[in-house]
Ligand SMILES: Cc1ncc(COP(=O)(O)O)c(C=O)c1O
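Presented below, as structure tokens, is a lone chain in the form predicted alone.
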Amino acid sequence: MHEAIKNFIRPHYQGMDGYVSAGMETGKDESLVFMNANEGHYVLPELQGYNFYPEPQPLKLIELMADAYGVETSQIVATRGADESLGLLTKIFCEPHKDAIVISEPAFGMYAVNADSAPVKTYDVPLIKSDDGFAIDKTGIIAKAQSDDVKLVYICSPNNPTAGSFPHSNILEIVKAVDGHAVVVLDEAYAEFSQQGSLSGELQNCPNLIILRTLSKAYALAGVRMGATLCDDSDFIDLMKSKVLDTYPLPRPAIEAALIALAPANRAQIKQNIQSCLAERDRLKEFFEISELVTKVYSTDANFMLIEVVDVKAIWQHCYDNGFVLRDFSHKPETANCLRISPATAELNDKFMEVFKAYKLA
């Protein structure tokens, strides 16, 4: 294992014995009769196949994910969405009541929630807000990562909830500067929508970088809960598989859905879906830019946008009363009076715009 990763893993993980499930002993060769897993062989006909445990890390799934994300199969582990990995990484690297993570607010709330539940400390190096949007504070993050208790730096790009991306050059500068001090976790949940794309091609040059991906957004499989953790260190990937993940982490229906979504035959349709989503996002953006209810529309490089409105609570309630639920971020000081909005279909967006326009200022 590379020192850039190994030095920050909690020591007991390196020496502990992981659990070897029945599926890990031989693999799930369907031609074999498995009598080693306490499975039920008497099953409702409609549920045939679901009576057996799935492969912990199905080879076909890993191959398709690796191809989609531009990495080797040894650099990837599949998880229940990127969310599962967020919790696991905090667990792997951070000693409770001792260590800390670094985030940059406004940020995805689960980074801090996972830290609080460990519990470990959370240091916030806020994004730099300007008329152009939000920028990452490279100098502040690098300085804070020098603290002895910091083990992880979380960066989300495109960022949730602000919707903008951070230049890859800035992220790589942080990754290289904190090498030897901390591991950087780059959350790329929205990378497929970004003009920059992914930094997965830089993994081999960044031993302290871990990238998270998901099928929830671009592949529209939020209900399936399927994600991936990418790292150049195959030993770390093996540690996650053997010592950290649950025994059978991926439900069989989720695997089946993911195989369909990632199939080469469906790639053209997935790309078209992404473009359709971006077109609707841009249409909503143009609508908001001329609305008297909207005081600012932040730049977006994702499948959603952040807008500042004149009366956030009243507008949220008006939309809710008329069948549309928006995300209120006004409780955060950096996003006062802000709503986060994800586009729906063209037809639903038309209805939403009519509802939004119907709100009357007091």
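Just so it is clear, the structure is predicted and the values come from calculations on it, not from any experiment. Position 1 is the first residue in the sequence shown; the rest follow in order.
Just so you know, the form predicted in complex with this ligand exists too; it's not on screen, but the next bit is about it.
From the list 283-291, 181-189, 251-259, 131-139, the contact stretch for this ligand in the predicted bound form under a 4.5 Å heavy atom rule is 181-189. In the predicted bound form, this ligand sits within 4.5 Å of a heavy atom belonging to Phe108.
This ligand in the predicted bound form comes within 4.5 Å of a heavy atom belonging to Gly81. In the predicted bound form, at least one heavy atom of Arg225 sits within 4.5 Å of a heavy atom of this ligand. Interface residue remark: Thr229 is not counted as part of the site for this ligand in the predicted bound form, having no heavy atom within 4.5 Å. Residue in contact with this ligand in the predicted bound form (any heavy atom within 4.5 Å), chosen from Thr214, Ser104, Asn208, Thr90: Thr214. Only one of Ser200, Ser194, Asn160, Gln75 lies close to this ligand in the predicted bound form, with a heavy atom inside 4.5 Å, and it is Asn160.
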